[in-house]
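Okay, here we've got a single chain as structure tokens, the form predicted on its own, with questions on binding and movement later.
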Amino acid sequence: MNYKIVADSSADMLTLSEIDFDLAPLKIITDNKEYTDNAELNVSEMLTDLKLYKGKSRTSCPSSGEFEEAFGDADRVFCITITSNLSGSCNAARVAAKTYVEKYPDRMVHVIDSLSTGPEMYIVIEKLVELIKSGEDFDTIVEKITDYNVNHTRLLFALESMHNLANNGRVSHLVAKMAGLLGIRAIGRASDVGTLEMICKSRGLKNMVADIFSNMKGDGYKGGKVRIHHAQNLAAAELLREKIAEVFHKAEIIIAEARGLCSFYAEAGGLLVGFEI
């Protein structure tokens, strides 16, 4: 059976070695330029451009046609997208899945609404690989990955600015004002329904790291996988890794740079933390 995993680019994943994989890129659009969130995107250059840019910017999700093209000729497809409460990506993937199965009745597609983004999606994809390689049948994988996505993974984030989130209607301008003032970082989570939920605010790097770790434990973290994605803030990511490892010595912690879509919303200095519970 030919399996394939497809993700939109909010998963911060470009390649996957164990299972056939393809990416449906989102786009970041300004009046001056369009950035496609794929392997060719220079994220650092994009962030520099956006910092100097004073106009409006927005994002665009992949079309259903782009998702269908990404499905290729696979017999069994798992497609994971950014939360449907923040983007039309999931809906586009579902339209593509319906069209694909109508064309090829012997094939199957399951679309996963991650209710999240970034490193939490990354962890779910890693679990998908594990389940596919185990030889489980398609329906069993659907059941297990749904449970894992909903009940066993979480996302926290810390932002120095929420300008782009506010301008694109993802958070209120009032909430956005708390970030970036006098060194204050806004800390939040992806809620159970896939919206952005603000938890607290921290002043200073060490307090921010301590608050993230405290909220991880409060959400049920007990030493499982952690994926830390940062937007030009490796120092904070390293400090958080050290904090986690002090308590959970065997925790599998991987740090990576956020790609285009996540960097656009997290902005320079932002941190996204996906973890198992």
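Remember, predicted model here, so these are calculated numbers, not experimental data. Numbers follow the displayed sequence, beginning with 1.
The form predicted in complex with a small molecule exists for this protein as well; it is not shown, and the discussion that follows is about that form.
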The one residue among V77, A186, I82, I123 placing a heavy atom within 4.5 Å of the small molecule in the predicted complex is I82
Contact with the small molecule in the predicted complex, heavy atom within 4.5 Å, among I145, A97, A190, I132 goes to A190
Taking the small molecule as it sits in the predicted complex, is F157 near enough to touch it, meaning that at least one heavy atom pair lies within 4.5 angstroms?
yes
Exercise: C61 in contact with the small molecule in the predicted complex, heavy atom 4.5 Å:
yes
Can T195 be called a contact residue for the small molecule in the predicted complex at 4.5 Å between heavy atoms?
yes
- Query: in the predicted complex, does T153 have a heavy atom within 4.5 Å of the small molecule?
  - Reply: no
#### Entry: Triplet L128, N149 and F275 all within 4.5 Å of the small molecule in the predicted complex via a heavy atom
no
Per contact check vs the small molecule in the predicted complex (non-hydrogen atom within 4.5 angstroms), the hit among 69 to 77, 101 to 109, 86 to 94, 136 to 144 is 86 to 94
